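Only one chain is given next, in structure tokens, and it is the form predicted alone.
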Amino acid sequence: MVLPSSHSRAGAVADLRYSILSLVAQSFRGNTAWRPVWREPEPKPAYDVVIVGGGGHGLSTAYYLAKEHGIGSIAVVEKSWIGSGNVGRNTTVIRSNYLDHANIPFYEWSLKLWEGLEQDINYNAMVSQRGVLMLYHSDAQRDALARRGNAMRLNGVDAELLDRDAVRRLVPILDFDNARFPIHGGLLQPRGGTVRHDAVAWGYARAADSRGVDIIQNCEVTGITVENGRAVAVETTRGKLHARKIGLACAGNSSRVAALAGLRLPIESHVLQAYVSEGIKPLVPNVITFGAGHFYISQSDKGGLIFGGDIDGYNSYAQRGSTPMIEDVMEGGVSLIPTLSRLRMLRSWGGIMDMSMDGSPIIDKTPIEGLYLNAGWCIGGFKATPAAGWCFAHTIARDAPHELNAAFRLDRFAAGHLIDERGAGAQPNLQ
């Protein structure tokens, strides 16, 4: 499949572009002349498009609506502050090492957008393509990762199947001789890596604002007005905003916001915790996932080790997790890298995951005219930020899905056309 161009229109027209010249000029002014990175506008009574949710997906959708489709009257409403939701509460990993035919091209397009993002939005998002390594510990896991790697390469995605010695050369700190979980090798995607999560929110907010998008913080949606089967306005704590089209990009709160329009979604909300250790010298060169348990780890530019694991098993809308899951994740980490037992964990945080029935997302129109949905991202929402916004913008502007998100239909659960990436069936807590 031929992917679309990410530079089909001129770059963002910002009031002030960051460059080496602007940095030098500001240094002579004592850095006193920098402008705010986005405006704080008052809500207008009506817009062409209102996006509910000021996270990565909502901001990127607004940006691509303006950049790629020329829509000039757009508002993004956020109940709290920009970066307070999942876009600032994740482990920053980006990758496209998927297996399903629907997911591979979508996440590969997202990775391509990541690769050109900083130049596109003129903002340092700290994109670091340090590689993502998935370990295997048995012959069966090796065969499964070989199949995944072959599927990736058939779709033009980089993948390398490594044996034990190659993994040891890459990451010698791992416990290769663990009696329970010996490491036999791994699947490496060299182009995968990490991105600074809050910089993604700030960068997209600045880029969207520079194209005239109103970013309205501290503006909670309290209702959605539906007249004659069509959504015509969002009711907020800062007034009623009329709109020709309304897009929902609310992550773990998607079911609650959709309920305001009378929609019941096929998702559950669960907490996913993440953790960071004290800062240390370089120890982990890339992103590593533990094949014998759900544990993944990378190292930040500040030196802290960032790691995560399974979602909490119960439904919740809280942005905090449980101590049993902390213990479970730490056990997985020490099994993989015994040296971690000597480190102190500084803090943990939680994001609200909107777990779909099959573990794959929804980007589609809803049965209500003029209302569009971006939800069901499970634990993969951050890495999808550019492509999710790009495809959601296309769906809203054209009133039809792009080829890349055509399979992410809302009605696939009723029709039985599941996208079962993990082979876990219609059981959200296993995705």
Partner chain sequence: MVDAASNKPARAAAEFAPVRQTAAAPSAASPYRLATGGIVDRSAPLLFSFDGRNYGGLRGDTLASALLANGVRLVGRSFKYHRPRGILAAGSEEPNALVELREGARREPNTRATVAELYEGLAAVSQNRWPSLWFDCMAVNSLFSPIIGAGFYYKTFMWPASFWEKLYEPMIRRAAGLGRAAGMPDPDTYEKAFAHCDVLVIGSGPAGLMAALAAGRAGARVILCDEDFEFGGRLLAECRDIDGRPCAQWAGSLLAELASLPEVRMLKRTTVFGAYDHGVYAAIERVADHLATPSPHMPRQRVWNIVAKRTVLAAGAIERPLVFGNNDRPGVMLGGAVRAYLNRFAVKPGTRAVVFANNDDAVATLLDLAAAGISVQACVDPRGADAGVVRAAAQRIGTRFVNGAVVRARGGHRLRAVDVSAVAEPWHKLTFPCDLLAMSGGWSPSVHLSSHLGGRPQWSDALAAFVPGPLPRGMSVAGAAAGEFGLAACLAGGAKAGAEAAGDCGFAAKPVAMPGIGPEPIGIAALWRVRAKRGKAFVDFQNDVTVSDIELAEREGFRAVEHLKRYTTLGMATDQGKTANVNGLAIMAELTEKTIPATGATRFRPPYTPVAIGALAGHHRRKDFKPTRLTPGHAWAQEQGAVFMETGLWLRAQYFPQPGDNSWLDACNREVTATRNAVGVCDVSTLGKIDLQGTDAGLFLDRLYANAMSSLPVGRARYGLMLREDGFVLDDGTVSRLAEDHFFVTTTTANAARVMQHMDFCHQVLWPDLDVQFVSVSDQWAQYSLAGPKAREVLQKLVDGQHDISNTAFPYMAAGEVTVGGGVPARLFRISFSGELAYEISVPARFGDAVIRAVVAAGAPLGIRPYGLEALSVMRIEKGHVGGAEINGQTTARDLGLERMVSSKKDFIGRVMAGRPALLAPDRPAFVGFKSVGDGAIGAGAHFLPVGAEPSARNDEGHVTSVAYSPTLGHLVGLGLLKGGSKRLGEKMRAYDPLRGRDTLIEVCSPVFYDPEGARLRA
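Predicted model only: the values in this text are computed from it and were never measured. Numbering follows the first chain given and starts at 1.
From this point on, the text means the form predicted together with the partner chain, which you will not see here.
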Non-hydrogen atom contact R238 with the partner chain in the predicted complex at 4.5 angstroms: no
Partner proximity in the predicted complex: E40 to the partner chain, non-hydrogen atom cutoff 4.5 Å: yes
Contact of T339 with the partner chain in the predicted complex (heavy atom, 4.5 Å): yes
P367: touches the partner chain in the predicted complex, heavy atom cutoff 4.5 angstroms: no
Triplet R153, L161 and L346 all within 4.5 Å of the partner chain in the predicted complex via a heavy atom: yes
Segment assignment from 259 to 267, 331 to 339, 69 to 77, 241 to 249: heavy atom within 4.5 Å of the partner chain in the predicted complex: 331 to 339
Answer option from D165, E220, E227, D139, heavy atom within 4.5 Å of the partner chain in the predicted complex: D139
Residues in 17 to 44 close to the partner chain in the predicted complex, defined by a heavy atom within 4.5 Å, in order: Y18, S19, I20, L23, V24, S27, G30, N31, T32, W34, R35, P36, V37, W38, E40
